[in-house]
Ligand SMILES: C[S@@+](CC[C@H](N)C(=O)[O-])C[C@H]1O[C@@H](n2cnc3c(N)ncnc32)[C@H](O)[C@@H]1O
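One chain comes next, on its own, written out as structure tokens in the form predicted alone.
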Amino acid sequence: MAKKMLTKNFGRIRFNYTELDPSAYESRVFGIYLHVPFCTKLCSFCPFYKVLLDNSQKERYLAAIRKEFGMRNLGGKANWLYMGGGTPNLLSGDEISELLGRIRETVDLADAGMEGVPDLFTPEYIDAIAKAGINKISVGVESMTSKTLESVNRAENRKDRLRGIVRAAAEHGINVNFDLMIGLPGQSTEAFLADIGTVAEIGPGQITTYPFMQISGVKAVPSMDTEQMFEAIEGAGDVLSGSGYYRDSIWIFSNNGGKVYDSSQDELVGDYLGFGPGAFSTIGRAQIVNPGVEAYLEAIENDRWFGFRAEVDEDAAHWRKFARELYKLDFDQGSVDELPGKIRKIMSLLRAAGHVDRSGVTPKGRLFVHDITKTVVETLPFPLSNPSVVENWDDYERAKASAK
């Protein structure tokens, strides 16, 4: 029933492409998300907005995102900053330093993280981003199996390079997360668990195990169903517990106190401001998604801000909070008690079935939480890859057509 309700609430969100008034969407306690859409190759499993790297377009992007900071009157205290993509480490250390410096002129920034592909996190690059103020990196390992990576248009990984990343990051006090995926085309549970053993031996501070997400725009076909992915992640937990890792949430294992950025928590329930083409923002009940790179550059260069805007109703906000509490596994009972009666009733049913107790989710309940969390991600509307959730998609197509 909970899965059905989540799907119903998130599935009815509809966006309108429109010009936005920056002064109407301000927050003074928030997170910051910077989207870097550029990639040198397009991986077939990735649902996020991305384009092939064009260096002249990248220069326009850097100028536009700096301008967007000013247009949106960025100021106050940011609990976190994260650079996602795309491939953020296609930006140089100097470019990242300049962007973060602009933000720090008006924002009290608690910490800053970024993701990227392994081969670009060289020791020299890590030294540069550390000087820029990056203290967390998430490395898109995905798999150590060459055949699996080839099937999704991903470059091969080398153990010596991954060891070098962990070593260089440790010298600068940077926390490291490795992302691994389960359910990629042709991937077996045995190969996935072998990958887990390899990265555990390398020893990053955190390992995140993502199930394959079936989202609009994803071209690849998963090799497993949801329950098979769950069983593989449970097996990964057994391997990792023997290597000194503990379970930090349904998909995350760490040995450093959970210091690496976790997008599945704050982004569901708190304000965050997104900058750059394709970036999401959540401000109060408003959810805003910036347009793709052509329309984004055209608008910002002409001192205008356009985006896809939707209003998230109170019911959907409550269901997001419910999903977030379950995702953590050791949920806050006080927060659960504040939720509407129909959600508390579901929690009571889960307790009666042995899926939760007063301290959190039981081992028996983890499949339910895995399924719920996957449902939340797969039903979130991505307007740039799913025009059906945009009421006036033709207006956006015209904006793209008229862009330089």
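Every value quoted in this text rests on a predicted model; they were computed, and no experiment measured them. Residue numbers here begin at 1 and follow the sequence given.
Missing here is the form predicted in complex with the named molecule; even so, the following discussion is about that form.
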If we test each of 113, 278, 205, 211 for a heavy atom within 4.5 Å of the named molecule in the model of the complex, the one that passes is 211
Partner-free chain; cross-checking the named molecule in the model of the complex, the single residue of 248, 325, 195, 142 with a heavy atom within 4.5 Å is 142
Taking the named molecule in the model of the complex, would 122, 168 and 260 all count as contacting it (heavy atom within 4.5 Å)? no
Touches the named molecule in the model of the complex: residue 368 (any heavy atom, 4.5 Å): no
Quick one: is residue 307 in contact with the named molecule in the model of the complex, heavy atoms, 4.5 Å cut-off? no
Residue 231: heavy atom within 4.5 Å of the named molecule in the model of the complex? no
Determine whether any heavy atom of residue 45 comes within 4.5 Å of a heavy atom of the named molecule in the model of the complex, and answer yes or no. yes
Go through 286-294, 80-88, 195-203, 307-315 and give me the stretch that gets within 4.5 Å of the named molecule in the model of the complex, heavy atoms only. 80-88
Do any residues of 168-191 have a non-hydrogen atom within 4.5 angstroms of the named molecule in the model of the complex? If so, which ones, in sequence order? 179, 181
